[in-house]
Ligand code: ADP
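Taking the form predicted alone, here's one chain by itself in structure tokens.
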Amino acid sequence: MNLSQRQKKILEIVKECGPISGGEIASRLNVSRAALRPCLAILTMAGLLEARPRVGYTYAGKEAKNLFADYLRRFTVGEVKAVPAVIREDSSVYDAIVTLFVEDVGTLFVIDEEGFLQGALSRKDLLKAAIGGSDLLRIPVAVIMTRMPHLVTVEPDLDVVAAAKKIVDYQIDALPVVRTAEGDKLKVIGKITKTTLARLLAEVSS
């Protein structure tokens, strides 16, 4: 968040003298209370100041990184999700490798014939299978994939900060975005990846 010089000065005054009234701040800056009102409103809405009736303004003590995290939490997984790359569970490992490079992705999500999530395949999974020297055309991806319920998933209403924490905690590259269908089966409706999150950071920081 980029603050104006006046807003920065207001923060300094409140840090040193708070609680302090709007009139006292205006007097110290030699401006009218009306001229000060928009700045105080912005600083209060941003969480940098707290306004208390009959008490005045106090410094909220939030660091810039906490404010940025609060801002990012406004975005949900459903708002920033990307299109997932999927493959049927009866497809061969060879087909999976081709799909991985054609789609230019790091993870494939494996679905059954009804489109429900069954597992996931990473580049590492496919590399291990290829190094093994087996006939990749004859091995179905179901043999080497990470299966449910060992798959980490996210729902569209989760905030992106929580999704990023899952990616870090589980040391994975991508999360399937799912919605629950009949019988607690999961339908893949998108994906969240490190690239997705990096793109969001670049957009909100520009």
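Since the structure is predicted, the reported quantities are computational estimates derived from the model, not experimental observations. Residues carry their position along the shown sequence, with the first being 1.
Another form exists, predicted in complex with adenosine-5'-diphosphate; not displayed. Remarks below refer to it.
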Considering non-hydrogen atoms and a 4.5 Å limit, which listed residue (Ala46, Ala26, Val161, Leu151) is close to adenosine-5'-diphosphate in the predicted bound form?
Leu151
Partner-contacting position among Ile172, Ala60, Leu40, Ile139 - heavy atom within 4.5 Å of adenosine-5'-diphosphate in the predicted bound form
Ile172
Quick check on Val110: any heavy atom within 4.5 Å of adenosine-5'-diphosphate in the predicted bound form?
no
is_contact(Asp95, adenosine-5'-diphosphate) in the predicted bound form, heavy atom dist at most 4.5 Å:
no
Residue-level question: is Asp125 within 4.5 Å of adenosine-5'-diphosphate in the predicted bound form, judged on heavy atoms?
yes
Does the trio Ala120, Thr146 and Pro176 actually contact adenosine-5'-diphosphate in the predicted bound form, every residue with a heavy atom within 4.5 Å?
yes
